[in-house]
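Shown here is one chain on its own, the form predicted on its own, set out as structure tokens.
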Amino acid sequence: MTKFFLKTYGCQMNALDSEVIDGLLRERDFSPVSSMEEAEVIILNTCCVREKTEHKVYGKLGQIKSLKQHKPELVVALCGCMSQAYGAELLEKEYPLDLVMGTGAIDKLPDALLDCLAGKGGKVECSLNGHLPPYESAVRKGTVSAFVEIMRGCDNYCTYCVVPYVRGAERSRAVGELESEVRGLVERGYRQVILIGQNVNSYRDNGTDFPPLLRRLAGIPGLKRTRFTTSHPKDLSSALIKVMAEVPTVCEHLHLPLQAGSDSVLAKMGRGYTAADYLRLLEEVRQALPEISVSTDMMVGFPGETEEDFQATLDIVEQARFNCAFTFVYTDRPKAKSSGFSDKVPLPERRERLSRLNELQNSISDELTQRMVGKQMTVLVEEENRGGDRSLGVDPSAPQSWRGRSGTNYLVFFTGETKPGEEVAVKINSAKTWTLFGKMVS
């Protein structure tokens, strides 16, 4: 068996793609190993949505270059979004690469690797042919929760975003195929599915859009929880909010990217909504689901963003009171329209704004999380916690220490007698900014 090492960067879609790659390789007599040093084949499944992630990939390629100098027969493949964005130019540089495979070529990877092992390397396959991966081959990493990709690609073309160029146009999977996959996962013991897509609200299949699909999948017997991400504010409908409020197995958590609080910046981004639109939508969600937690994405330093624009972002954060936010400094991305904008914000200023935004959001997150102390919540048990921390209220020597998530997506560490896949009641004794600690109760 040919030994392979697979490293994944980026989002949930990439994580699922790697599960598919893992399965396809095992079907062809490849065997996974846990370190690059053991491997005959190294595969990096990459992301280029953020510049920081790209830098991590280049750093890893530097390590591999040193390894390959001592092991010249080693085959190195770069897959995913970086491959799709840069293509053949990656082979033209001094990277230790034998193969570059884009996001539309997952099913071709095993044959291409076998060619490389036979001395026929240097291949580039980056056509966006619209094919979806063979999901049935996926080797799932967890035992309780599984990703289910319901659609792929994006038609929004936000001016800062590379996704439409590296994932292609939107295409949705058939309702029946998705229902069969979820039923199969439940039969294998999975108790939660996370429906994923660049914009799940855009799902369409022969007249069925996302709300009825969500209702149908969430009602499958044996499935305890259904989550989904990511939602675009301009497409979040009242019908979807109604499903979330009515179907008990749909979790009370919504990830709804804001990106900026300034209307002029949102317009330049091509987001399709105003700050007031976003706040009205958030109010509708919270009226229907008073206990819901809301997370978001925010970017600072978009070209042309003034101090007044940034203050508008701080103002909307104060009003929205997100439970959690993923925050980023703007960076130029390949092929994205904003890369050509001239009015760039200096990097030190972008970083200073990010620090101020994080300080505000962390204070809000901490306040909301501390309110959970003393309360009881239902937690889906994911796995045994083998890295407990006494300072956080979990004794690492405790024989039954677990980690799981609440329906509102809080990460919860707790003690008690249970097993993965169970839903248990936990009383919260202490809290960090986005993490809770407690003890299981009867």
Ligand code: SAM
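Treat the numbers as computed from the prediction; the structure is a model and nothing was measured. Start at 1 and count along the sequence shown; that's the residue number.
Just so it is clear, the following notes concern the form predicted together with S-adenosylmethionine (SAM), a form of the same protein that is not shown.
K.L.:
Would R50 count as a contact of S-adenosylmethionine (SAM) in the predicted complex, using a 4.5 angstroms cut-off between non-hydrogen atoms?
P.N.:
Yes, R50 is a contact residue.
K.L.:
Contact between R333 and S-adenosylmethionine (SAM) in the predicted complex at 4.5 Å, heavy atoms?
P.N.:
R333 belongs to the contact set for S-adenosylmethionine (SAM).
K.L.:
Contact between R286 and S-adenosylmethionine (SAM) in the predicted complex at 4.5 Å, heavy atoms?
P.N.:
Taking the distances in the predicted complex, the answer for R286 is no, it never comes within 4.5 Å of S-adenosylmethionine (SAM).
K.L.:
K123: heavy atom within 4.5 Å of S-adenosylmethionine (SAM) in the predicted complex?
P.N.:
Although S-adenosylmethionine (SAM) is absent here, K123 would stay clear of it in the predicted complex, with no heavy atoms inside 4.5 Å.
K.L.:
To test your reading of this chain, name the stretch in 352 to 360, 105 to 113, 323 to 331, 277 to 285 whose heavy atoms come within 4.5 Å of S-adenosylmethionine (SAM) in the predicted complex.
P.N.:
Among the listed stretches, the partner-contacting one is 323 to 331.
K.L.:
Within 4.5 Å of S-adenosylmethionine (SAM) in the predicted complex, do we find a heavy atom from each of Y160, V163 and H232?
P.N.:
Yes: Y160, V163 and H232 each sit within 4.5 Å of S-adenosylmethionine (SAM) in the predicted complex.
K.L.:
I need to confirm a contact call. Of L195, V294, M299, I316, which residue comes within 4.5 Å of S-adenosylmethionine (SAM) in the predicted complex, counting heavy atoms only?
P.N.:
Residue within 4.5 Å of the partner: M299.
K.L.:
Using a 4.5 Å heavy atom cut-off, which residue among R271, R152, R225, H253 comes into contact with S-adenosylmethionine (SAM) in the predicted complex?
P.N.:
In short, R271.
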